[in-house]
Ligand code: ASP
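We begin with a single chain expressed as C-alpha cells, specifically the form predicted alone.
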Amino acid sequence: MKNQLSRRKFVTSAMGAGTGALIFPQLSSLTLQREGSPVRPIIITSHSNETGKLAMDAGWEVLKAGGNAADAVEKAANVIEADPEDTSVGYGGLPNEHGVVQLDASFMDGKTYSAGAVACLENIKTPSSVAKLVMQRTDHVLLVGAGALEFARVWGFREENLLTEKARKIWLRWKEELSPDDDWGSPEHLQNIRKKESYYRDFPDIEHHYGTTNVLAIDANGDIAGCTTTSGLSFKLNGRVGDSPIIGAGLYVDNEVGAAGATGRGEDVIKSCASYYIVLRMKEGIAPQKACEEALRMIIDRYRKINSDFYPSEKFVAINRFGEYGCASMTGKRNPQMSVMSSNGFLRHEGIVAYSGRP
C-alpha cells in the first residue's frame, strides 16, 4: 500500500477547520467505514533498521499462527529492547545524567480497554513485558521506580546491568565535554594534546536523542494492541519521565478505530496528548497518514505565538482498524520510515517530513 502524499509545509497549507474545532467533535455520531476487506493480521513498528525487521519477523510468527495482537506486540518489542547496539531502547539505552539506565514503557489492549505502564524502571531489560503484566495482572495503570522493579521481581524478571560498554563510553564523553570549567577529562595541560590522539577517537560520537520505539498490531480477529518502549531522553535528569509510559500521549489504542504511537521529545507529546488526538482524528474518518500530520500541525500551532522558530523533534506512527497506516515526523533531512509486516510480506514504508522548511 502506497500513500500518495508529497512533502510540504503545513503551516502555509489549508487543512480544514482550526485545531480548536478538531478537539471536541461529535464522535458518537461518527462511524469509520471503508470499502473492501480489512488488511489483517498486520504489525508495524516505528523502527526501520535491521532490528526493526527482526522484530516484525518475531511478531508475525505469533500473528500468522493465530496468536493475539498483544502477544505479537510484546514479542516484537522484546527484540528491539534486547538489542545492545540500540542506544534508545532497553538494554544498551543511553543513561540519565548519573549514568543510570532508567526505562519507560506502556502497553494497551484495544479489545479489553486495558492499559499498563512502567516508568523509571531500572535493571530490567524488557520493560514492555512488565508493562503488559501491569495491564493484565493489576487494577493499576502505571507503576514507577522502586515499585515497578519490585513488581517485576515478583513476576520473576531477572535483574541485570543495562549499561553496555558502548553506552557507558558515550555517557563518559558527554560528562567530559559538558563543561570546560569542571574537573572531568584530561588534566588541563594535556587537553589540547590528547584531543589529537587516539584516546578521543576511540570514544563513539556523543549521541543525544529522544529515541523510542512503537509497535502496533491487528490480529486475525481484528483486535488491536500496542506498545511504546524507551530508555528516554539521553542524559536526562534523574527520575525524568517522558511520554512513552503515559497512555494517551506516547500510546493510545481503540479497537473500534485503530492505534497511534509517538517518538521524539516527550514533553511536547505529553502536553498535546498526541496519540489520543491521532486516534480521535482517525475516528472521524481521516486516514492514519493525515492524522499523524495533523497532530504535528496541532503541536506547532501551540508554539507559534511563543516561538515561531521552534520545531520539536516528533515522529508519529498510526494504524487504523482496516490496516491502513502512516507516519510523519516534524523535521529532518530524510523522510521518516516505518517497518510493516502482513500477508503481503515485509516492507519499509516511507512517510513524510511535515516541516521541510520554515514557514
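The numbering used is simple: start at 1 and walk along the sequence shown. The structure displayed is predicted, hence computed values, not measured ones.
What follows is about the form predicted together with ligand ASP, which we do not show.
In plain terms, the part of the chain that comes close to ligand ASP in the model of the complex, with a heavy atom within 4.5 Å, is 242 to 250 out of 276 to 284, 168 to 176, 242 to 250, 67 to 75. Taking L133, L149, L142, L233 one by one, only a single residue has any non-hydrogen atom within 4.5 Å of ligand ASP in the model of the complex, and it is L233. Think of it this way: in the model of the complex, ligand ASP has a heavy atom of just one of G264, G116, G110, P95 within 4.5 Å, and the residue is G264. Taking the partner from elsewhere, T212 is found to have a heavy atom lying within 4.5 Å of ligand ASP in the model of the complex.
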